[in-house]
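Same chain, two versions here, written out as C-alpha coordinates and called structure 1 and structure 2.
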Structure 1
Amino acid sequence: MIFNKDTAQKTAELLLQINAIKLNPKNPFTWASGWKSPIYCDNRITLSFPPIRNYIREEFSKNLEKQFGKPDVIAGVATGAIGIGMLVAEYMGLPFVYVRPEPKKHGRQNQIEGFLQKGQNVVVVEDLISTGNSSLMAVEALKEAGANVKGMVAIFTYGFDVATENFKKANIDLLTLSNYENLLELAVAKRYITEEEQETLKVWSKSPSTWNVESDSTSVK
(Lines of atoms letter the chains of each structure in order from A and count residues from 1; the text may use other names and numbers.)
(Lines give C-alpha, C1' and ligand atoms only; values in the text may rest on other atoms or scores of the structure.)
Protein backbone atom coordinates (compact mmCIF):
# COMPACT_ATOMS: atom_id res chain seq x y z
CA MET A 1 0.00 0.00 0.00
CA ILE A 2 1.24 3.49 -0.84
CA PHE A 3 1.01 6.38 1.64
CA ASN A 4 -0.89 8.49 -0.90
CA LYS A 5 -1.19 9.05 -4.65
CA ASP A 6 0.58 12.43 -4.79
CA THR A 7 3.62 11.13 -2.94
CA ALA A 8 3.69 8.01 -5.11
CA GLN A 9 3.71 10.03 -8.32
CA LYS A 10 6.30 12.55 -7.14
CA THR A 11 8.60 9.85 -5.78
CA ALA A 12 8.37 7.91 -9.04
CA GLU A 13 9.32 11.00 -11.03
CA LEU A 14 12.29 11.77 -8.79
CA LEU A 15 13.57 8.19 -9.06
CA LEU A 16 13.30 8.32 -12.86
CA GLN A 17 15.00 11.73 -13.07
CA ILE A 18 18.17 10.51 -11.37
CA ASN A 19 18.12 7.03 -12.97
CA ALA A 20 17.56 5.31 -9.65
CA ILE A 21 14.95 3.48 -11.70
CA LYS A 22 15.81 2.51 -15.26
CA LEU A 23 13.22 1.25 -17.74
CA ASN A 24 14.52 -0.65 -20.76
CA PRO A 25 11.95 -3.09 -22.21
CA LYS A 26 13.92 -3.57 -25.45
CA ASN A 27 17.18 -4.53 -23.74
CA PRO A 28 16.29 -6.11 -20.40
CA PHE A 29 18.51 -6.44 -17.38
CA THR A 30 19.43 -9.64 -15.54
CA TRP A 31 18.81 -9.59 -11.80
CA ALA A 32 21.04 -11.45 -9.35
CA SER A 33 18.26 -14.05 -9.12
CA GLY A 34 18.63 -14.74 -12.85
CA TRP A 35 15.29 -13.12 -13.73
CA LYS A 36 15.17 -11.07 -16.91
CA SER A 37 13.65 -7.66 -16.25
CA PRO A 38 12.77 -4.52 -18.21
CA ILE A 39 13.26 -2.48 -15.03
CA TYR A 40 16.13 -2.02 -12.61
CA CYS A 41 15.93 -0.09 -9.36
CA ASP A 42 18.83 1.14 -7.23
CA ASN A 43 17.48 3.52 -4.61
CA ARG A 44 20.89 3.97 -3.00
CA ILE A 45 21.51 6.57 -5.71
CA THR A 46 19.08 8.88 -3.89
CA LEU A 47 21.68 9.40 -1.16
CA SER A 48 23.85 11.32 -3.65
CA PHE A 49 21.14 13.94 -4.25
CA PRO A 50 20.50 16.02 -1.09
CA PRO A 51 17.11 17.51 -2.12
CA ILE A 52 15.79 14.06 -3.04
CA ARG A 53 17.10 12.24 0.01
CA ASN A 54 15.67 15.03 2.20
CA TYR A 55 12.29 14.67 0.50
CA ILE A 56 12.35 10.91 1.11
CA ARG A 57 13.32 11.19 4.77
CA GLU A 58 10.63 13.81 5.43
CA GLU A 59 7.88 11.85 3.66
CA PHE A 60 8.90 8.72 5.52
CA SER A 61 9.02 10.51 8.86
CA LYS A 62 5.63 12.20 8.75
CA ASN A 63 3.81 9.27 7.19
CA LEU A 64 5.22 6.50 9.35
CA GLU A 65 4.40 8.45 12.50
CA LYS A 66 0.88 9.04 11.22
CA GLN A 67 0.45 5.34 10.45
CA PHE A 68 2.28 3.62 13.31
CA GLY A 69 2.77 6.30 15.94
CA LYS A 70 6.23 7.54 16.89
CA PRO A 71 8.40 4.45 17.48
CA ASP A 72 11.22 4.07 19.99
CA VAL A 73 13.72 3.00 17.34
CA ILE A 74 14.17 3.12 13.57
CA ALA A 75 15.75 0.00 12.04
CA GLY A 76 17.35 -0.07 8.58
CA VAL A 77 17.78 -3.24 6.54
CA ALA A 78 21.41 -3.72 5.48
CA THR A 79 22.84 -2.61 3.29
CA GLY A 80 20.55 -0.69 0.99
CA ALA A 81 18.46 1.01 3.68
CA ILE A 82 21.16 1.88 6.20
CA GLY A 83 21.68 5.36 4.78
CA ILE A 84 18.07 6.42 4.39
CA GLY A 85 17.09 4.74 7.66
CA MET A 86 19.72 6.75 9.50
CA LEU A 87 18.45 9.97 7.90
CA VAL A 88 14.90 9.18 9.04
CA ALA A 89 16.06 8.42 12.59
CA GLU A 90 18.08 11.65 12.71
CA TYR A 91 15.16 13.71 11.41
CA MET A 92 12.82 12.19 14.01
CA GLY A 93 15.35 12.40 16.82
CA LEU A 94 15.27 8.64 17.37
CA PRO A 95 17.83 5.88 17.99
CA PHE A 96 18.88 3.84 14.98
CA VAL A 97 19.92 0.22 14.46
CA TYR A 98 20.49 -1.81 11.35
CA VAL A 99 19.94 -5.48 10.63
CA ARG A 100 22.40 -7.70 8.76
CA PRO A 101 21.22 -10.57 6.54
CA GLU A 102 22.85 -12.93 9.04
CA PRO A 103 24.99 -12.69 12.19
CA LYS A 104 28.65 -11.78 11.80
CA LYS A 105 30.96 -14.77 11.97
CA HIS A 106 33.47 -13.02 14.22
CA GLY A 107 33.64 -10.60 17.16
CA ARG A 108 30.32 -10.28 18.96
CA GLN A 109 28.53 -12.10 16.11
CA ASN A 110 25.83 -9.45 15.96
CA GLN A 111 23.03 -9.51 13.46
CA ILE A 112 21.51 -6.32 14.82
CA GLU A 113 24.00 -3.46 15.08
CA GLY A 114 23.24 -0.74 17.59
CA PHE A 115 21.48 -0.56 20.95
CA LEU A 116 18.07 -2.23 21.10
CA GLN A 117 16.12 -3.12 24.23
CA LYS A 118 13.45 -5.78 24.55
CA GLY A 119 9.94 -4.38 24.23
CA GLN A 120 10.88 -1.30 22.22
CA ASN A 121 8.60 -0.30 19.37
CA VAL A 122 10.43 -0.42 16.03
CA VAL A 123 9.56 0.69 12.50
CA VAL A 124 11.70 -0.91 9.81
CA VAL A 125 12.96 1.12 6.85
CA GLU A 126 13.70 -0.63 3.54
CA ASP A 127 14.76 0.76 0.17
CA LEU A 128 13.13 -1.75 -2.19
CA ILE A 129 10.64 -4.62 -1.98
CA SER A 130 10.72 -7.43 -4.54
CA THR A 131 9.64 -10.76 -3.00
CA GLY A 132 9.97 -9.39 0.53
CA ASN A 133 11.97 -12.37 1.77
CA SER A 134 15.11 -10.52 2.87
CA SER A 135 13.07 -7.69 4.40
CA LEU A 136 11.02 -10.11 6.47
CA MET A 137 14.17 -11.92 7.62
CA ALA A 138 15.21 -8.60 9.18
CA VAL A 139 11.81 -8.34 10.86
CA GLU A 140 12.20 -11.85 12.27
CA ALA A 141 15.65 -11.01 13.66
CA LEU A 142 14.21 -7.95 15.41
CA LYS A 143 11.37 -9.98 16.88
CA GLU A 144 13.78 -12.62 18.13
CA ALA A 145 15.69 -9.82 19.87
CA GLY A 146 12.49 -8.86 21.68
CA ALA A 147 11.46 -5.85 19.58
CA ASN A 148 7.83 -4.96 18.91
CA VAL A 149 7.84 -4.40 15.14
CA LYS A 150 5.07 -1.94 14.32
CA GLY A 151 5.49 -2.17 10.55
CA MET A 152 7.75 -1.50 7.59
CA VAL A 153 8.14 1.40 5.17
CA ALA A 154 9.95 1.27 1.83
CA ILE A 155 10.78 3.66 -0.98
CA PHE A 156 9.48 1.42 -3.76
CA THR A 157 7.81 -1.93 -4.34
CA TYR A 158 7.37 -3.93 -7.53
CA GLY A 159 4.02 -5.08 -6.16
CA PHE A 160 4.54 -8.78 -6.81
CA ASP A 161 1.79 -11.08 -5.56
CA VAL A 162 4.38 -13.18 -3.76
CA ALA A 163 5.46 -10.16 -1.70
CA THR A 164 1.86 -9.37 -0.78
CA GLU A 165 1.39 -12.96 0.40
CA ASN A 166 4.68 -12.98 2.31
CA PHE A 167 3.82 -9.83 4.25
CA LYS A 168 0.31 -11.08 4.91
CA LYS A 169 1.62 -14.37 6.31
CA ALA A 170 4.11 -12.51 8.49
CA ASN A 171 1.33 -10.14 9.68
CA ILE A 172 3.47 -7.11 8.89
CA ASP A 173 2.00 -3.89 7.50
CA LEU A 174 4.01 -2.51 4.57
CA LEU A 175 3.64 1.06 3.31
CA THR A 176 5.66 2.53 0.45
CA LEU A 177 6.37 5.95 -1.00
CA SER A 178 5.73 4.65 -4.52
CA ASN A 179 5.00 1.45 -6.40
CA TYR A 180 5.12 -0.13 -9.84
CA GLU A 181 1.60 0.91 -10.85
CA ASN A 182 2.21 4.59 -10.16
CA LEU A 183 5.64 4.42 -11.76
CA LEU A 184 4.19 3.19 -15.06
CA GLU A 185 1.46 5.84 -15.04
CA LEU A 186 4.00 8.59 -14.46
CA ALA A 187 6.50 7.17 -16.96
CA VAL A 188 3.92 7.23 -19.76
CA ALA A 189 2.61 10.67 -18.82
CA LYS A 190 6.14 12.13 -18.80
CA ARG A 191 7.14 10.17 -21.94
CA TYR A 192 9.87 8.10 -20.35
CA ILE A 193 8.20 5.15 -22.11
CA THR A 194 5.56 4.65 -24.79
CA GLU A 195 2.15 3.08 -24.21
CA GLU A 196 3.41 -0.02 -26.04
CA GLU A 197 6.37 -0.28 -23.69
CA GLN A 198 3.99 0.19 -20.78
CA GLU A 199 2.11 -2.92 -21.89
CA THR A 200 5.38 -4.89 -22.01
CA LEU A 201 6.17 -3.77 -18.48
CA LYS A 202 2.70 -4.79 -17.30
CA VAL A 203 3.11 -8.26 -18.81
CA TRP A 204 6.48 -8.67 -17.08
CA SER A 205 5.05 -7.84 -13.66
CA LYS A 206 2.49 -10.66 -13.93
CA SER A 207 5.18 -13.36 -14.26
CA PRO A 208 8.66 -11.87 -13.72
CA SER A 209 10.37 -15.22 -13.11
CA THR A 210 9.52 -16.55 -16.58
CA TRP A 211 9.32 -13.38 -18.69
CA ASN A 212 11.55 -13.01 -21.78
CA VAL A 213 13.95 -15.74 -20.67
CA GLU A 214 15.60 -16.03 -24.10
CA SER A 215 16.40 -12.30 -24.48
CA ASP A 216 19.87 -10.81 -24.59
CA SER A 217 20.26 -8.57 -21.59
CA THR A 218 22.32 -6.02 -19.73
CA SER A 219 23.71 -7.84 -16.67
CA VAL A 220 23.48 -6.06 -13.31
CA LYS A 221 24.08 -7.03 -9.70
Structure 2
Amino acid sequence: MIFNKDTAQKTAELLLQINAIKLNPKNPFTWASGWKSPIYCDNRITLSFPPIRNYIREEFSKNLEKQFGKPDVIAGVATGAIGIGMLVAEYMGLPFVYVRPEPKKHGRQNQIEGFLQKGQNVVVVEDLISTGNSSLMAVEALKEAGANVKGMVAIFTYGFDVATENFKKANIDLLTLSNYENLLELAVAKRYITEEEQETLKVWSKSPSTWNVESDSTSVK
Protein backbone atom coordinates (compact mmCIF):
# COMPACT_ATOMS: atom_id res chain seq x y z
CA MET A 1 0.00 0.00 0.00
CA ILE A 2 1.20 3.53 -0.72
CA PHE A 3 1.29 6.18 2.04
CA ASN A 4 -0.75 8.58 -0.10
CA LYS A 5 -1.31 9.55 -3.75
CA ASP A 6 0.61 12.87 -3.61
CA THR A 7 3.75 11.23 -2.25
CA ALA A 8 3.40 8.36 -4.72
CA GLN A 9 3.22 10.77 -7.68
CA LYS A 10 5.98 13.06 -6.43
CA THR A 11 8.32 10.12 -5.71
CA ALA A 12 7.64 8.62 -9.15
CA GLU A 13 8.36 11.96 -10.76
CA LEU A 14 11.66 12.32 -8.88
CA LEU A 15 12.74 8.80 -9.88
CA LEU A 16 11.98 9.57 -13.52
CA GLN A 17 13.76 12.95 -13.35
CA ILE A 18 17.03 11.43 -12.11
CA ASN A 19 16.83 8.61 -14.63
CA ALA A 20 16.56 5.93 -11.93
CA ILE A 21 14.13 3.99 -14.11
CA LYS A 22 15.90 1.97 -16.76
CA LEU A 23 14.25 0.22 -19.70
CA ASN A 24 16.24 -2.42 -21.50
CA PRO A 25 13.80 -4.77 -23.26
CA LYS A 26 16.33 -6.14 -25.72
CA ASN A 27 18.89 -7.06 -23.09
CA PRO A 28 16.73 -7.78 -20.04
CA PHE A 29 17.80 -7.21 -16.46
CA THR A 30 18.08 -10.17 -14.15
CA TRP A 31 16.38 -9.48 -10.84
CA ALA A 32 17.31 -10.81 -7.38
CA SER A 33 14.55 -13.41 -7.81
CA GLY A 34 16.10 -14.60 -11.10
CA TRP A 35 13.20 -13.13 -13.10
CA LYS A 36 14.14 -11.43 -16.38
CA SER A 37 12.72 -7.95 -16.75
CA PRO A 38 12.66 -5.09 -19.29
CA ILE A 39 12.56 -2.57 -16.40
CA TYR A 40 14.88 -1.82 -13.49
CA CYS A 41 14.22 0.77 -10.84
CA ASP A 42 17.59 1.81 -9.39
CA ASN A 43 16.67 3.60 -6.18
CA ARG A 44 20.31 3.60 -5.08
CA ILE A 45 20.75 6.62 -7.38
CA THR A 46 18.56 8.75 -5.08
CA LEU A 47 21.45 8.88 -2.56
CA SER A 48 23.48 10.95 -5.03
CA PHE A 49 20.89 13.77 -5.02
CA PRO A 50 20.70 15.54 -1.62
CA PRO A 51 17.28 17.23 -2.11
CA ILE A 52 15.77 13.91 -3.26
CA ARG A 53 17.27 11.79 -0.49
CA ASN A 54 16.13 14.44 2.01
CA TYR A 55 12.59 14.24 0.62
CA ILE A 56 12.59 10.44 0.88
CA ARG A 57 14.07 10.54 4.39
CA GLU A 58 11.44 13.01 5.59
CA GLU A 59 8.48 11.22 3.98
CA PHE A 60 9.65 7.90 5.45
CA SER A 61 10.21 9.38 8.93
CA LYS A 62 6.86 11.20 9.07
CA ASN A 63 4.79 8.36 7.70
CA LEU A 64 6.41 5.45 9.47
CA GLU A 65 5.93 7.09 12.85
CA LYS A 66 2.29 7.81 12.02
CA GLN A 67 1.73 4.21 10.92
CA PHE A 68 3.80 2.14 13.35
CA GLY A 69 4.61 4.50 16.22
CA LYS A 70 8.18 5.59 17.00
CA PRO A 71 10.33 2.42 16.98
CA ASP A 72 13.41 1.78 19.11
CA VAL A 73 15.56 0.94 16.09
CA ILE A 74 15.55 1.42 12.31
CA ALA A 75 16.85 -1.55 10.26
CA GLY A 76 18.01 -1.26 6.65
CA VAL A 77 18.05 -4.22 4.25
CA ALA A 78 21.57 -4.59 2.79
CA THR A 79 22.85 -3.24 0.63
CA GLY A 80 20.25 -1.16 -1.21
CA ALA A 81 18.64 0.30 1.92
CA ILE A 82 21.66 0.84 4.17
CA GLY A 83 22.12 4.44 3.01
CA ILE A 84 18.52 5.57 3.10
CA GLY A 85 17.80 3.59 6.29
CA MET A 86 20.68 5.32 8.04
CA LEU A 87 19.41 8.73 6.89
CA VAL A 88 15.98 7.95 8.37
CA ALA A 89 17.53 6.77 11.65
CA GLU A 90 19.63 9.94 11.85
CA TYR A 91 16.63 12.18 11.10
CA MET A 92 14.53 10.43 13.78
CA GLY A 93 17.40 10.33 16.28
CA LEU A 94 17.24 6.52 16.46
CA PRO A 95 19.78 3.67 16.51
CA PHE A 96 20.40 1.87 13.24
CA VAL A 97 21.26 -1.70 12.23
CA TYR A 98 21.48 -3.33 8.85
CA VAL A 99 20.65 -6.87 7.83
CA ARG A 100 22.74 -8.89 5.38
CA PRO A 101 21.11 -11.46 3.07
CA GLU A 102 23.02 -14.16 4.98
CA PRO A 103 25.46 -14.33 7.86
CA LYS A 104 28.93 -13.06 7.03
CA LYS A 105 31.33 -15.94 6.40
CA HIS A 106 34.26 -14.58 8.37
CA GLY A 107 34.80 -12.16 11.29
CA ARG A 108 31.87 -12.30 13.74
CA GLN A 109 29.65 -14.11 11.21
CA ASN A 110 26.85 -11.62 11.81
CA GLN A 111 23.75 -11.33 9.66
CA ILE A 112 22.60 -8.27 11.59
CA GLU A 113 25.25 -5.57 11.93
CA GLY A 114 24.94 -3.11 14.78
CA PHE A 115 23.57 -3.24 18.32
CA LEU A 116 20.12 -4.78 18.73
CA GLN A 117 18.50 -5.99 21.94
CA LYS A 118 15.78 -8.61 22.35
CA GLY A 119 12.30 -7.08 22.58
CA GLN A 120 13.17 -3.84 20.77
CA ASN A 121 10.61 -2.44 18.34
CA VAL A 122 12.05 -2.26 14.84
CA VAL A 123 10.81 -0.72 11.58
CA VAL A 124 12.53 -2.08 8.49
CA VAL A 125 13.51 0.23 5.61
CA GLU A 126 13.88 -1.26 2.11
CA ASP A 127 14.61 0.40 -1.22
CA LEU A 128 12.54 -1.82 -3.47
CA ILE A 129 10.06 -4.69 -3.40
CA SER A 130 9.67 -7.13 -6.28
CA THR A 131 8.77 -10.54 -4.78
CA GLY A 132 9.46 -9.35 -1.24
CA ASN A 133 11.72 -12.33 -0.55
CA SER A 134 14.86 -10.30 0.27
CA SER A 135 12.98 -8.01 2.65
CA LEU A 136 11.17 -10.84 4.39
CA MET A 137 14.42 -12.74 4.90
CA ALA A 138 15.68 -9.67 6.75
CA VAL A 139 12.49 -9.63 8.84
CA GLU A 140 13.02 -13.30 9.67
CA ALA A 141 16.59 -12.64 10.83
CA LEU A 142 15.42 -9.73 13.01
CA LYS A 143 12.68 -11.86 14.58
CA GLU A 144 15.14 -14.68 15.24
CA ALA A 145 17.32 -12.15 17.05
CA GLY A 146 14.33 -11.35 19.30
CA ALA A 147 13.24 -8.07 17.68
CA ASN A 148 9.63 -7.01 17.53
CA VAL A 149 9.19 -6.07 13.85
CA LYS A 150 6.46 -3.41 13.70
CA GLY A 151 6.38 -3.09 9.91
CA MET A 152 8.26 -2.18 6.76
CA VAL A 153 8.56 0.87 4.53
CA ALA A 154 10.03 0.89 1.01
CA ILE A 155 10.59 3.49 -1.67
CA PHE A 156 8.93 1.50 -4.43
CA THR A 157 6.95 -1.68 -5.03
CA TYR A 158 5.87 -3.29 -8.27
CA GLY A 159 2.73 -4.42 -6.44
CA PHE A 160 2.94 -8.03 -7.59
CA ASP A 161 0.42 -10.49 -6.13
CA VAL A 162 3.27 -12.74 -5.03
CA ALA A 163 4.67 -9.95 -2.84
CA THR A 164 1.25 -9.18 -1.36
CA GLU A 165 0.84 -12.86 -0.49
CA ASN A 166 4.35 -13.12 0.95
CA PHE A 167 3.82 -10.11 3.23
CA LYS A 168 0.41 -11.41 4.26
CA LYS A 169 1.85 -14.83 5.14
CA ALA A 170 4.61 -13.18 7.15
CA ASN A 171 2.03 -10.91 8.82
CA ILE A 172 4.08 -7.79 8.02
CA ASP A 173 2.52 -4.47 6.99
CA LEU A 174 4.30 -2.87 4.03
CA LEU A 175 3.91 0.79 3.12
CA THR A 176 5.65 2.39 0.17
CA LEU A 177 6.33 5.89 -1.06
CA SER A 178 5.42 4.94 -4.62
CA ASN A 179 4.50 2.01 -6.83
CA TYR A 180 4.44 0.76 -10.42
CA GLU A 181 0.91 2.03 -11.06
CA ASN A 182 1.84 5.63 -10.20
CA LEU A 183 5.14 5.39 -12.04
CA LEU A 184 3.50 4.20 -15.24
CA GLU A 185 0.73 6.79 -15.01
CA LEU A 186 3.29 9.58 -14.77
CA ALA A 187 5.72 8.15 -17.32
CA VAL A 188 2.90 8.05 -19.88
CA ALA A 189 1.41 11.45 -18.98
CA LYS A 190 4.79 13.19 -19.08
CA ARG A 191 5.99 11.24 -22.11
CA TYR A 192 8.99 9.67 -20.45
CA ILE A 193 8.29 6.49 -22.42
CA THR A 194 7.44 5.83 -26.05
CA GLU A 195 4.35 3.96 -27.23
CA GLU A 196 6.53 0.98 -28.08
CA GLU A 197 7.96 0.93 -24.55
CA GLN A 198 4.46 1.22 -23.14
CA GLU A 199 3.46 -1.82 -25.18
CA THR A 200 6.48 -3.81 -23.91
CA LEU A 201 5.61 -2.95 -20.33
CA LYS A 202 1.99 -3.90 -20.89
CA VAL A 203 2.96 -7.34 -22.17
CA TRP A 204 5.55 -7.78 -19.39
CA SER A 205 3.19 -6.79 -16.60
CA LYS A 206 0.73 -9.53 -17.58
CA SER A 207 3.26 -12.20 -16.71
CA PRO A 208 6.40 -10.73 -15.14
CA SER A 209 7.69 -14.02 -13.74
CA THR A 210 7.88 -15.64 -17.18
CA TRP A 211 8.51 -12.63 -19.47
CA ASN A 212 11.67 -12.72 -21.56
CA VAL A 213 12.59 -11.34 -24.99
CA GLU A 214 15.75 -10.41 -26.85
CA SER A 215 16.20 -6.71 -27.58
CA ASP A 216 18.44 -3.56 -27.15
CA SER A 217 19.06 -1.07 -24.33
CA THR A 218 17.58 2.29 -23.61
CA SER A 219 17.08 4.31 -20.51
CA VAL A 220 13.95 6.30 -19.89
CA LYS A 221 14.93 9.88 -20.61
Ligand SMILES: O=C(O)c1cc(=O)[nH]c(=O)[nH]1
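Along the sequence of structure 1, residues get numbers from 1 upward. Since the structure is predicted, the reported quantities are computational estimates derived from the model, not experimental observations. Rigid core: the largest C-alpha set superposing within 1.5 Å between the two forms.
Pick out the form predicted alone: structure 1 or structure 2. Answer is structure 1, the other one does not fit.
State yes or no: after fitting on the rigid core, is the Cα displacement of residue 193 between the two structures at least 2 Å? After core superposition, the displacement of the residue 193 C-alpha between the two structures reaches the 2 Å mark, so yes.
Once the core is superposed between the two structures, does residue 48 show a C-alpha displacement of at least 2 Å? No; that C-alpha moves by less than 2 Å between the two structures.
After a core superposition, would you say residue 26 shifts its C-alpha by at least 2 Å between the two structures? Shift at residue 26: 2 Å or more after core fit.
How many angstrom apart are the two C-alpha positions of residue 36 between the two structures, if you fit on the rigid core? That residue's C-alpha sits 3.6 Å away in the other form.
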